[in-house]
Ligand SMILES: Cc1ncc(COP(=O)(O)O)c(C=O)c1O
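One chain comes next, on its own, written as structure tokens: the form predicted alone.
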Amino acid sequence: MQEPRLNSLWGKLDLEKASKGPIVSNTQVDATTKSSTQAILQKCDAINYQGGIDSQPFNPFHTAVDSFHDGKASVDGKMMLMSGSYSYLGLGKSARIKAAIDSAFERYGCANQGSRALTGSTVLHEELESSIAKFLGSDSGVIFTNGYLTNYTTISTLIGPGDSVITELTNHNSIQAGVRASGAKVYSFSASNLATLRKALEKAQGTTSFVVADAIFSMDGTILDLPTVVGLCKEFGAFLMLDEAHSLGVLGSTGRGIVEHFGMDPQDVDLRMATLSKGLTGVGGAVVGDTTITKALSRGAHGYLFTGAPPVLETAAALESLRILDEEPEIVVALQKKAQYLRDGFSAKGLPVWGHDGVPIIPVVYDNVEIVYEMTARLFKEGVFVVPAIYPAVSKKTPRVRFSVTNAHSLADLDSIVDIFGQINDEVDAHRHAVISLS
């Protein structure tokens, strides 16, 4: 006997084929549909209201840029200092990268030919995988279409029900989503108090334990205490995955990330993830580690198998930017010096910056989101394009104006940012709302 079935978008029942169950009139179904539609719209309204941004006279999010220039961006014809970009090494208009893109276009065009497992793989994809693995001192690599998908699909593929995942409290949303999707038992720890990691590892004993953390925490500008984390993972026999999205090309004397920063052996970390759209110039994500793991991801990770290959032109750009980084490590040192220059400039103005020295993410944190909105709006008016970090990206108690530094900035640009922000901070008396430290 066939069950009643839905035969249209609006949920009307095919009553002629229904032989059992209550008969539901079209009017009743329409009423239910309208009720469900209204419920979804109400959920969307709640999402749209989140943070109260629509009630503000200025909304800094989703601002369309006319064009990018060295350390600047044009918005509605107005040239502004760009202090929110993740293009840390400033390679976005490199002549070498442009030539690599042109060459790739001649070879492949720009159409996506399919997933990597089917018809979408190119020698450029494979070359980038092997090159980034070699650069980071790992056996092999696998690249994904975007960074979010990389974390999400890697974590949810490698662990599952019956396993334990131990995640840092402020890890990126892509990590948190992958953890939830895995179905594993979840424990949390705080990078600022690694005694919590020990406690979590003790609770997870007897299971496959998977520890995952950011290398640089992008909302705080802080660096994970990797030596202590590695020591604890070895003590308890736990697997360790690091997200190097904001540390590739940023940390270490040659940009090889947090492992180089601490002078450690790459083999101390089981798996390292990096995006191709921050320190490098491209789009996508990469995972490097043991060949058994990367091969399994390319054969069993749904986020790899069931989506289009990384765009070939962006792959060419990422590969060429990796070559530049490998050949010209001085650009990493230049970035670190500029990051410290802006940090010192803010400190000289009495502005309570968070984060660690040399990190190009410099947040100034307040206890009042209205102050953050006002300062962002005033900065924009004065020609500084920076976007606030608010809930749900950070706690409701610690909204912040988060600056970033790139090699495209001149020292004069950074001086201007300091002067403008310092003046605005004084004008709105924001000092009394400043949150001095993480604790």
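A residue's number is simply how far along the shown sequence it sits, counting from 1. What you see is a predicted model, and the numbers here were worked out from it, not measured in a lab.
We do not show the form predicted together with this ligand, though everything after this point is about it.
- Though the partner is left out of this view, Thr154 does not reach within 4.5 Å of this ligand in the predicted bound form, counting heavy atoms only.
- Not displayed here, this ligand is approached by Asp214 to within 4.5 Å at the level of heavy atoms in the predicted bound form.
- The closest non-hydrogen atom of Thr275 lies within 4.5 Å of this ligand in the predicted bound form.
- Contact annotation for Gly284: at least one heavy atom lies within 4.5 Å of this ligand in the predicted bound form.
- Screening Pro266, Gly71, Gly84, Gly147 for any heavy atom within 4.5 Å of this ligand in the predicted bound form leaves a single hit, Gly147.
- Only one of Thr294, Ser321, Ser174, Ser138 lies close to this ligand in the predicted bound form, with a heavy atom inside 4.5 Å, and it is Ser174.
- Exactly one of the stretches 240-248, 254-262, 74-82, 119-127 approaches this ligand in the predicted bound form with heavy atoms within 4.5 Å, and it is 240-248.
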